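Single chain ahead, by itself, as structure tokens, in the form predicted alone.
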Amino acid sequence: MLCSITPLRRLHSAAPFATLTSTLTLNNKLIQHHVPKLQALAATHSDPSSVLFSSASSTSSTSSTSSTSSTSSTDTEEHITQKYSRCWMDKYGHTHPTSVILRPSSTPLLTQFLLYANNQKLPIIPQSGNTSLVGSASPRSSSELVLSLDRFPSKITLDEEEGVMILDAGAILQDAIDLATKRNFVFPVDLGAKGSCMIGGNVATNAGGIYFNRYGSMKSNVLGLEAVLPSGEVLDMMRCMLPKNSTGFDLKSLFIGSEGTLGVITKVAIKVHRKPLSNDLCVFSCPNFESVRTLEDRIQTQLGSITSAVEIMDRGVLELTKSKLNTQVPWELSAPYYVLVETMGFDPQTDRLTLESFFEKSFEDELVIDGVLAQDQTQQSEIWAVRESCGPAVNAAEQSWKYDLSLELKHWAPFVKTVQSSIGDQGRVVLWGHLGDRNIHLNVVSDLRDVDLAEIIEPDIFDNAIKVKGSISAEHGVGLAKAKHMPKVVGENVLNIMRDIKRCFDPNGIMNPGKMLGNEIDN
């Protein structure tokens, strides 16, 4: 039983989550006390490699029962600290030498790990590919046990008649995309970290990506999922994987975007889409943001249903791709904004003519000043390579601050102007984003090492987004970075209901404490 039946009016005054075992102050000795018991659980499943432990009092990291390793102690300990205890940006996480990493290779062992942690009230941080930009999968201290899915099953199967793909949570997104393509389908989510992010994390963060404009986010495509609760109970929400299913509460949707705060997703059923017969791509150079807005409106009304992606890049980020990554941009950087338009359809000749006509008319109306219309797959790949290099180029800057916002188009230019004015000559704003679904990736880059522009930029950028009824997290999640803003974003009463829901699934509050719902749940 998940939780006792309690009237909602009483839940807000209910007792807080059960106190975790010294959540942020668990000492090394106490951590070491639990390691042998976790190792014993792993041994019963013949999986000794599923427990990694590094101690401040030793110079080595050990995997459960093994006393020797082909990897040097220093390398192994560094591997644990960097790969699991810190995020890939080296921004979130901890650097303490004591770490406990749980890496189950099966659902039964994962279940046992969660059950033990729940009984002992040990905080668990679910971690998929560790590609989060907001600290969703990073432990705040060495007292939090990381539960990594990097050894979890990664099987993928596809029912071609129904267009349903079944994936283990450990499957890499790129592998899902490749299998869909091979079988003449399109996987609905495609994003920059696809080579390393995993399906479990994609679902837990409700990933979007470049095809949201056509297929929506994960939430629009998940037909069923399996999840393990901290109690050890396995919830099978895959008994019906047909799109039309109205049988009670849609519990699976609670896990989509939950960021590991309710349980651990272990298996997913996702709708894949028939691969279109046509695929065309072009880029427009726009003289100002007003022309961008007009162009986007015309894309929706004149290209309509064949539109698959509408992306934007400004000159600043493209100059960064050239200077930091030596990216070859196959067009002149003669304008402040560049709009990428991709179309897909099932009538190749008509679809191509439609895009060509739209392309020519945009020039005739002096809406754009330059453009590139890809003539083959090679040119399409070159154009997409430019778009996909925007994120890595920002990461290559001396310092960068990333903001993932949803805003009405009329607010984009004022936002950029306001942020640039606030930071002055200490940095510069560069942007790209998913124009069609109003998701702007506003980034600040700086060549200065000794400044923290976040103190200048935040919280104004979030407060301003909230004021204009935008979102402070379009697709990256809330994590640690934005948790403190949640009362303003959703409202205190809605946030309280979210916390009540968490209590039902996780009464001891062990699942990803401090993330998304704030620190109140730890008290």
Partner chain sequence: MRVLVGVKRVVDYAVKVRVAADKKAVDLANVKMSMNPFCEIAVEEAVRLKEAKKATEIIAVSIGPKAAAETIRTALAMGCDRGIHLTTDARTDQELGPNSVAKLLAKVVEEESPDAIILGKQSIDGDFGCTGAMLAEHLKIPQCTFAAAIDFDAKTVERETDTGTEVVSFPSLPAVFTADLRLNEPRYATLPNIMKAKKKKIDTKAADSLGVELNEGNTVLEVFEPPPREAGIFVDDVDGLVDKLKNEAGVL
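Numbering follows the first chain given and starts at 1. None of these values were measured; they are calculated from a predicted model.
The next section is about a form of this same protein that is not shown, the form predicted in complex with the partner chain.
Can you check whether L277 is within 4.5 Å of the partner chain in the model of the complex, heavy atom basis? Flag for L277 set to yes.
Since only the chain is shown here, I'm wondering whether F359 would be in contact with the partner chain in the model of the complex (any heavy atom pair within 4.5 Å). So F359 counts as contacting the partner chain.
Even though the partner isn't displayed, in the model of the complex is T157 close enough to the partner chain, meaning a heavy atom within 4.5 Å? No, no contact at 4.5 Å.
Report whether the minimum heavy atom distance between E398 and the partner chain in the model of the complex is within 4.5 Å. Output for E398 is no: heavy atoms all beyond 4.5 Å of the partner chain.
Which residue, D297, D376, E290, D236, has a heavy atom that falls within 4.5 Å of the partner chain in the model of the complex? Answer to the contact question: D376.
Sole residue of E388, D150, E382, D175 within 4.5 Å of the partner chain in the model of the complex, by heavy atom: Only one option qualifies, and that one is E382.
Looking at 177-185, 85-93, 439-447, 118-126, which one sits within 4.5 Å of the partner chain in the model of the complex if you count heavy atoms only? Looking at the partner contacts, the answer comes out as 177-185.
Within 4.5 Å of the partner chain in the model of the complex - does that hold for a heavy atom of every one of F284, Q349 and V372? Spot residues vs the partner chain: full contact, yes.
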